[in-house]
Each structure stands twice: as C-alpha cells, then as structure tokens.
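Just one chain follows, in the form predicted alone, and it is written as structure tokens.
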C-alpha cells in the first residue's frame, strides 16, 4: 500500500513475531528500539528513532510467557508508552492483542479489586491516547473502564471465513459455554449466517463458579444432529469448552469445534484439548503455543492469523477509516 505519511510501529521483544506479521501486512517496517535488563531486575526500553509529531503504535500482548510474567510485560509496555509521550509523539496507541486482567472486571466478592479499571488508569496515566484490543472478556466493562479512546476488535469474520467450508449441509449451531458469553455467541451466529447464507441455531450452557469449582450441566437449545461451534473469548484450562462439548454430544450433536481468540492453555489444558469429544480447537496467534506439546498442537489446534485484522485496524486508525466496517462489512452503520 502507498503511504504519504506512514504510522510509526514499535514492538516490544516479547511480541516480535506477531508484530512482524502486522508490519508486513502494512508494508511498514518496525522501528528500531533498545531493551535492556539490569542485574537488579530493573529494565528500560527506548526508541532509536525520533517519534516527535508522529502517529505511534506500540504492540505488546500481555500474556504470561516463558521468560516474562504478565506483570513484567505490563510494566515494560507502560514505560515504553510513557517514553513515546516524552519524545513528543502526536498520538500514542497501545495495540494489545491479549489484554491481561480483563476477566477481573467487577466485584464478585466483598472488597474485590476491579483490575480492568486499574489497568485503564495505568495506561491513561502514561499518556496513552488510544487502546486497541481483541476479544476482551467483557466489552462493556472494557469500554466503560477507559476515558481515552478504545477500539475493540473481534474474531467473528476471521473465524467465520476459516470454518465456513467445514460445517457441511446439515444443521449448524453456535453455542456459548456459559450465560455470560451469550451475546458474543449471538454476534458470531449472525455473522456466520451471513457468511454461509442460511440459518444457524443458538445454544448456551449453564455455568456456576465458586472457589474455583465449576458446576452446572444444563444445556439450553437444540443441537441434535448439528455441527456445533462453541465460542468463547479465551481458553485457559480447557475445562469449560470440554464441558460444553460433552453436553452437546450427549444431546445428539454430530461434531463439536471450540473457537476462542486467545489460547492460554494453562494447567491440564493439553488433556482437554486432545480429548476426542472436541474435534478441533481453533484460536488466533495472540498467544504463542509454548505451553502445549508440539505434537498435540499440530494435531488438535488450528491457528488463524490476526495480523491482517490488526494491520487493517492500524491503517484505518491512522487514516481515519471505519473500524465498524472492518468488523461487520461495508454495509454496516
């Protein structure tokens, strides 16, 4: 693509692979920067190019990694965003493919923290003008937590196009694995109906969590003979997806796929992912598959690239284009 005044892209080292794919989509190189770690555990990062009066995008996915904790990554991102403001950037955008602490968006017990709001305060405090994130746990809480501009991206069209040839001619049902995800599943159902050109059913699972124990096995919706797509924002241990798959198959579903933007795969997730009741698990590349055995990942997991989605979102933000049209199509308003 032709640029008269291209955006400035930075990637912190932990998200380099995804960032390179985003930069390749935009045909804009990642700008050089330096990251240094000190003997006492402190660190610094600084740009090696001028950002004065430029439109700057800093990419960092906030998952706990092999070498850096979630909190390490948050701290590095905050400091680097602040450095952009110190350097005189005209606008500073944090591109956060996986936003940490998005699940703690309300008080579920007395005196609970509301960490989603604290994350917003931290990002705003260092001078962030815009936050772009993908499939956060609760979009309402995300949008209400920030006073700066937010752009929430989702995987509806990515997954719909990826899975469209797989479902066959029989009935198709989109299912939410819990009541809180019904709206997300409904939006995907509507998108998938447009993509495949026929009706798609809806179902959802009962789910209650107390002291880390999940209960509830009621399935609402008709899945008999259906190709079922269980849709969620993330997969942690995989237990929620497996419960939903088991319930759907008991009610006569012919096949169950799990779809989630973020694959954390902690704890005994590998056991859940390779369970035959889940035909396939489809995720994006916001979190690398470093916790899964490569053979299990290759056999049971499919990865859909988010680089075109993030790249196009950055291009539209830079040029004043429509994010709504990006997510829902040209006819959206």
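All of these numbers come straight from a predicted model, not from anything done at the bench. Positions refer to the first chain, counted from 1.
Here the subject shifts to the form predicted together with a further copy of the same chain, a form of this protein not shown in this document.
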For this session: From the candidate stretches 241-249, 158-166, 123-131, 225-233, select the single one in contact with a further copy of the same chain in the model of the complex, where contact means a heavy atom within 4.5 Å.
Result: 123-131
Problem set entry | Candidate spot 34, 105 and 267, all three touching a further copy of the same chain in the model of the complex (heavy atom, 4.5 Å) | yes
Problem set entry | Residue contact check: residue 110 to a further copy of the same chain in the model of the complex, 4.5 Å heavy atom | yes
Exercise. Any of the heavy atoms of residue 78 lying within 4.5 Å of a further copy of the same chain in the model of the complex?
Worked result: yes
Exercise. Does at least one non-hydrogen atom of residue 188 fall within 4.5 angstroms of a further copy of the same chain in the model of the complex?
Worked result: no
Problem set entry | Any non-hydrogen atom of residue 171 within 4.5 angstroms of a further copy of the same chain in the model of the complex | no
Exercise. Of 2-20, which residues get within 4.5 Å of a further copy of the same chain in the model of the complex if you count heavy atoms?
Worked result: 2, 3, 4, 5
